[in-house]
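Next up: the same protein chain in two forms, each one alone, written as structure tokens (structure 1, then structure 2).
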Structure 1
Amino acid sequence: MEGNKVGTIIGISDLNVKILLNTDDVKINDILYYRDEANRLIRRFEIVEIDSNIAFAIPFESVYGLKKGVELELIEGGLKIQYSDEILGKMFNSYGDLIDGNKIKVYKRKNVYEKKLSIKDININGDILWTGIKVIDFFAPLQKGYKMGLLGGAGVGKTVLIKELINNIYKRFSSNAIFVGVGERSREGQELYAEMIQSNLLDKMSMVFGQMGDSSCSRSKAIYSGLTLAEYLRDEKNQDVLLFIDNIYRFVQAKSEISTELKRIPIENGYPTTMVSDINEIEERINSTENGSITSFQAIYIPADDINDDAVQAIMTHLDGQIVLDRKIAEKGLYPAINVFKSTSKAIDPQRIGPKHYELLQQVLKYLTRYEELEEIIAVLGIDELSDSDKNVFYRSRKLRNYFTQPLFVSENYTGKAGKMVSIIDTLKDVEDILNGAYDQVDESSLLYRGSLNER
């Protein structure tokens, strides 16, 4: 139907365009557009509400210069993004347009709202996804298809950890990654793009950005486009895909802005009545099948540090665990700077990770908890006042703390240390040896930034 006039603009605001329809063929999520006299596509609008023959649409671009009386045409197929191998190594905006100067050779596009999986296709018994990063595999192991919260402020190593995960998963499984930037700073997006080039990782991933300065429409659509790219790798390439969403709370914010503009009555705290269903729609597309999986890391902004915020709680009900990066740990020079007390995973179960791993994990957490208590005692009385058993706990805990640092592949140029990937079997053996006193006579500094302790 493209080329036929389907409606006329009768009202304009920054986030909402009112349209008088002259056909019944227009549906929710359809895209209408307007061409100027030079026949260029310069304005696009997505239908979000229809009342009889009046439609309300959110504009993709600025409405500056737009006038009432403009006639609109329909774009067949709605909002689409490239759906082929050509997505790799490229950066898209929320609407599926390339923004990095690259070109698509053969266009093969898919609607970003299409859901391919049925309940019988979903596999909830995926394998553990070992990353080769000791501290994650030991304290917060991932299962294929898991949704993990990634919490941490600026400067604590979040980007480095993301890059290392991409690097390791690609090396182990030849699988690719998708990064979705939702409502974050454009500078950070450019920095990540440059760092991916420097680390030779750009060709192993695809990126979608709806930046902080973009419209609420753009910020709300980035996540749908990113999910479509991830689904291509899972369903067409049969890969175990890593999906990074930074920041999923901004998606809720963008939806709230649109809802306010449409004069829909909000629930408490100003969130739209559709908030839970909007989040459910996103999270339900992150799943595993027999042939591939999407494992997601979702950064979550916590407004006013209120973990009980309605939106934060709605997101966290879908998570299978969280990895928390801690500034205090980073300040000690211990990387990855993961807080092992706050990092969790549903995979921590003897039936999933095995009784040996589970028992060692409980023992290590017990040691590290006692270590923090002993630090306070030592600060007051000195270490000589400790019993021999407490001294063992103290020194072995320090060795464990150092052991869970790791030389990373993506930071080789900065540290001068070759990156290491460590199997969970080696990690469990090393941890058991440290707890049993096999390294009591070894200086704790020699355990810093090592791979497996069996390596020479």
Structure 2
Amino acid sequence: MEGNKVGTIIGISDLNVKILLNTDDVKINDILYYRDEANRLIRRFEIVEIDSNIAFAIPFESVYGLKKGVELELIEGGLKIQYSDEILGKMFNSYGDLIDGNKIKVYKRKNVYEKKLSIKDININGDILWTGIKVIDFFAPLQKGYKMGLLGGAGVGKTVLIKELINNIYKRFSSNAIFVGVGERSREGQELYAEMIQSNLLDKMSMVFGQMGDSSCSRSKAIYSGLTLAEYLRDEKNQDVLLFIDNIYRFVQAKSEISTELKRIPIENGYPTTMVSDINEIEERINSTENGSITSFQAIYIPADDINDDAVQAIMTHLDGQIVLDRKIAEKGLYPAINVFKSTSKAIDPQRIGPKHYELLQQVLKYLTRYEELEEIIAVLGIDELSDSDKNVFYRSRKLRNYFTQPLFVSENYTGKAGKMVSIIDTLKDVEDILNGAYDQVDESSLLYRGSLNER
């Protein structure tokens, strides 16, 4: 190994080391490392900034105990991940290392910063993908190759919904899937892994985790490794891939942490100057081609319940559809707590979903908008002052609202109710019946947490 030393550490802080280089061969995104006496690889650093013979690098591991004067060697080709058919059923960390005790026997290696797709590669055709979740299918239907955002503040049920989608879509279509855990709970990682084993689905999914207990560097890289695996399935195996990212906001957050340590000038709320280009870079990689498709579900955390947050807005630019979860609805105990006024999809077009669905959707939105106004009137005047037609709107809207709750498979343990899937045909029929007054004589709370209404 002697002779490959390319630099020496001359400064250290939490997330940043300063390196004096003795060669011009070091490039941005290269990885330098050093080994301890026992000759085990112990610390890696990725170059992020070069200023003549001084470089700044972010450490992959903790810097505790690190000293000045340590000499570093170069790993050719930067951050790479192993891949082959064997990736399915395996769990990786952000740096492409297996963390489930398994080994991949036959593999190729690939840099995680993939080249861009050009417009001619992109394919935008796809069928509608029914999820069996009433409120999503009705208000924000998905399409193969879509990017769906799941937005919500802290604790309104983003992860539960992601898991329900994994459960429903994945069980029905049996496509392979990549799950990327970014800055979320390790407990959820463990639960997902256990559930996949339990339902015999593990061999159809690979997981990449850079969770919230991991360093900023780890959380900023998970997405690149995950994308590289998804691209492998799409481009080399010609598959339709499902990509679940929970949570993409944490990627921006990790980048902010690193940017601060590099003393870069921040934009609003401490976000890094390069935030928008960072997001564009990864979002443009998530696309469908002639070979195969990537349908992605991206949970987006809304910091401080502020949906106008710059990072959230920058991510939303890329979405084909969005499902917005609302604290006010969760507080009423109505789950999934989806705000139907803010949730939408590009598939809402009479040409795509059919005129009946489209008409009903418009009518339901009209009812629910009026209901919100009526609620204010009632708060002042009481219910008895309403006209008969407004009373109908009021009571039927409450029934619609209750109808769109649903027992989920993944929260069976929590609610004690078995999960239900509802076909769009049943959903449309039930909605039509409620609007036509077929359930006017029924107590509204009996519509809570049901599947379709014709099944008892």
Partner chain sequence: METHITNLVNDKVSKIKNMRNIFDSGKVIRIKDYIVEVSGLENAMYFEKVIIMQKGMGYVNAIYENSVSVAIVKEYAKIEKGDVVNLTGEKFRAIISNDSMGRIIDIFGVDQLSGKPFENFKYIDIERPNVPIIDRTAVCRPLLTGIAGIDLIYPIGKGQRQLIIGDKKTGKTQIALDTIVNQKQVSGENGQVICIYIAVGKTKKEIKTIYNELLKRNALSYTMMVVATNDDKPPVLSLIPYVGLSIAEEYMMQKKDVLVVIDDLKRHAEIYREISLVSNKTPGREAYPADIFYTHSRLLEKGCQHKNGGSITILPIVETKGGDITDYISTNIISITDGQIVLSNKAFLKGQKPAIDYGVSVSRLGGAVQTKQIKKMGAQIRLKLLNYLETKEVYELANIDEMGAELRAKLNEGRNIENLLKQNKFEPLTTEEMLERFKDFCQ
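Since the structure is predicted, the reported quantities are computational estimates derived from the model, not experimental observations. Throughout, rigid core stands for the largest set of C-alpha atoms superposing within 1.5 Å between the two forms. The first residue in the sequence of structure 1 is number 1, and each one after it adds one.
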Query raised in the report: Which of the two structures shown, 1 or 2, corresponds to the form predicted alone?
Result: 1
Query raised in the report: Looking at the two rigid parts that move between the two structures, do A222 and I434 belong to the same one?
Result: no
Requested in this report: Note the number of degrees the smaller rigid part rotates with respect to the larger part between the two structures, based on C-alpha superposition.
Outcome: 22
Report task. Would you look up how far the C-alpha of E444 moves between the two structures when the rigid core is overlaid, in angstrom? Result -> 12.2
Query raised in the report: Rigid core superposed, K134 Cα shift between the two structures in Å?
Result: 6.7
